[in-house]
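Okay, so here's just one chain, in structure tokens, the form predicted on its own.
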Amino acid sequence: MDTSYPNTQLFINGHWKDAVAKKTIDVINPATESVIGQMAHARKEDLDEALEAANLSFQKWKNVNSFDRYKILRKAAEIIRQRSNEIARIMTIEHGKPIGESLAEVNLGADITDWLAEEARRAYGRLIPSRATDVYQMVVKEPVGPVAGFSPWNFPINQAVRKIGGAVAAGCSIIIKGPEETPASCAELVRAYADAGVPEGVINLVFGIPSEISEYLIPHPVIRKISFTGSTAVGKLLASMAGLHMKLVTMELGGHAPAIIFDDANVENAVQMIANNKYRNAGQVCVSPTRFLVHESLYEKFVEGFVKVSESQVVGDGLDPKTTMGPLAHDRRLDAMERFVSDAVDKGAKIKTGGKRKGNKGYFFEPTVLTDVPIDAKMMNEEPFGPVAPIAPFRSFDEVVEEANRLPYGLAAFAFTNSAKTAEKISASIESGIVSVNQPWMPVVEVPFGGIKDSGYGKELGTEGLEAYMQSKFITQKSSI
């Protein structure tokens, strides 16, 4: 057991506590496959306690003025920054990502908290001109109520803070189901908010069997809003469950982002930007480029350059400062990568580099480039969520747009061109919630994040990050009777 890694408790009604049944779940270091700690395993009794706390605290928190909520959130952001090195170390141990990526994620969590704090002060309503001289018509914003948030393992802080920060800033209480693979860094985020002065019961953190928790929380009458980040398959199940109970929903689901390189692009620059972006977080990113579509005139040069960047990646333990790509987060992703590659090769794809597990200890997988991947290969149709890059040539604009829009996903897309006309045309043609042209885009706090089609609905970050946790109330008032 790693004594430098903390065991993780539940956080309910302002207190860190073991589960009522004293059950725990092991936490694994993906770089060593060793058990590094335990987290508390919540069951129905713990969820009931969290629901009661969220319900009672909401009645008070919703009446705290936005300026006071702002001050608490700003303090939370400063605490996160002060503890960033230690939180990043914990994240790398439990997740595997390079320490630099972990530190960047922690600091982004502080930025998101700051942004939502400021947005809370600007949750403006509006006056609507009336048809009568003695009637006022107003729209005011109110918090939706207690929230159930479900956060994934790939970004333990960046995903959880969008839900926690948005709910708390809006005046809601929240029960956040944290990631079981990466619980301690998420717990440190909650600790920072609690230490900043968020009242007891406003934030509650639980871990356990995801299906058990979602099936209990979503239908519960206390919960008024659901926010989920994860796979499309699970998201559809949770959205249908929420629909049965008329719950408001934000769904940030999977993607399969095309990266299009047109014939007038600077191929060397495009390779450097998009290849390095591909291997961020070992490719375990919902907006990661996953289908590389290259004009035939640049195809060979692009493949050659992409292979070179792939082979230059330093794969290893994320705590080693030389590492540029860590392990996959758990053994299930390792098995998935092997299946994706095996299926593609069986269907005629060629491996240009990588293609297999690296070493026999830890969940390391080689950065992998494949060509001649047929359209019916699994990796061309299902989100690979790992360090595999299928590259295919195209001839015409219409052809590449058809392929980019072929799948039901619509989260992110990338394009590289030196033509302003082509940039405008491809931005308008691609069916995606996010389109990034000539840059390896990553989420920033001031712009909305979210997809369309099977990639979900609703937005996080930007002004929409607060709006998701508020509802509009129309009030019409006559001056006298």
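When you see a residue number, it is the position in the sequence shown, counting from 1. Bear in mind the structure is a predicted one, so any value in this text is a computation, not a measurement.
Separately, the form predicted together with a small molecule exists; it is not shown, and the next lines address it.
Remark: of stretches 130 to 138, 210 to 218, 353 to 361, 305 to 313, the one touching the small molecule in the predicted bound form is 210 to 218 (heavy atom within 4.5 Å). In the predicted bound form, Glu180 approaches the small molecule with a heavy atom inside 4.5 Å. A residue is said to contact a partner when one of its heavy atoms sits within 4.5 Å of a partner heavy atom; Arg332 meets this definition for the small molecule in the predicted bound form. Within 4.5 Å of any heavy atom of the small molecule in the predicted bound form lies no heavy atom of Glu94. The small molecule is not drawn, but in the predicted bound form it has no heavy atom within 4.5 Å of Glu188. When you look in the predicted bound form, the only residue of Asn154, Thr368, Thr323, Thr250 with a non-hydrogen atom within 4.5 Å of the small molecule is Asn154. With the partner omitted here, the residue from Glu383, Asp317, Glu105, Asp114 that has a non-hydrogen atom within 4.5 angstroms of the small molecule in the predicted bound form is Glu383. For the candidate spot formed by Ala412, Gly433 and Gln439, no residue has a non-hydrogen atom within 4.5 angstroms of the small molecule in the predicted bound form.
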